[in-house]
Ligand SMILES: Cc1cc2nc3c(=O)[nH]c(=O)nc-3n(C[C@H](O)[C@H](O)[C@H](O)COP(=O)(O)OP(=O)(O)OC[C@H]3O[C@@H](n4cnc5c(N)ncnc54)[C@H](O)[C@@H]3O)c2cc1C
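Presented below, as structure tokens, is a lone chain in the form predicted alone.
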């Protein structure tokens, strides 16, 4: 109650607080990553869609895009919601399915709440939802639709804001007078068990998959990128994906060939 003054305690059975959690701007972070990559000699080709992949037996030889061809010893699929489409060009079946979610942001106001608040109680129209106040004052919010909305439609809907604001105000009435600046819609790249797919698939031994982050890509991406970079530099390959690093458990638990018997526990 001290961390989120004014929260409605009715129906709340308990909660957890993670004081060491952090916040970063996706826009500022991606810009910084881009600048660092440019300094390291990375070439970027924006608005260029891969339209073909050439293979020799179980090895990818080249990618084709925009009339050009790129060859390499190793290729990485980190295409988010379009990961399955990219993998299919190499005749690889990767179970990643785009799940539409909407979010919104308010005007900035003086800091009045500290933690991100995640309410896991579902209702007839939605699952869990969350909201938090950024260091710059805006309140960012998102909700899980029920049932899930599969596809790649990025158009905002008229249903999102009334649904999400109703649930937020029921829990935290002091949000009532905030002005919403904008809403947007994007995709969570989901897998059947709610876990990422990381590794080298059968049928494309040099096509590393780093896909299916299930809405947690910005949180897991930097750490996973570091793990993959270290494994590649140390000699990781289809037979030994972790190379000389101690990250074998990551590739074992998130392998492309796993059974996907389990389902995501928290929705």
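Note that the structure is a prediction, hence the values are computed from the model and not measured. Positions refer to the first chain, counted from 1.
The same protein has a further form, the form predicted in complex with this ligand, not shown here; the description that follows concerns it.
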*asked:* Just to be sure I understand the contacts: of 29, 216, 237, 54, which is the one whose heavy atoms reach within 4.5 angstroms of this ligand in the model of the complex?
replied: 216
*Taking 4.5 Å between heavy atoms as the contact cutoff, choose which of 94, 142, 90, 168 touches this ligand in the model of the complex.*
142
_Candidate stretches 192 to 200, 118 to 126, 99 to 107, 170 to 178, one within 4.5 Å of this ligand in the model of the complex by heavy atom_ = 99 to 107
*residue 80, heavy atom within 4.5 angstroms of this ligand in the model of the complex*: yes
_Distance check, residue 86 to this ligand in the model of the complex, heavy atom within 4.5 Å_ = yes
*4.5 Å heavy atom contact, residue 130 to this ligand in the model of the complex*: yes
*Could you confirm whether residue 187 comes within 4.5 Å of this ligand in the model of the complex, counting heavy atoms only?*
yes
_With this ligand taken in the model of the complex, which residues across 166 to 180 come within 4.5 angstroms through any non-hydrogen atom?_
none
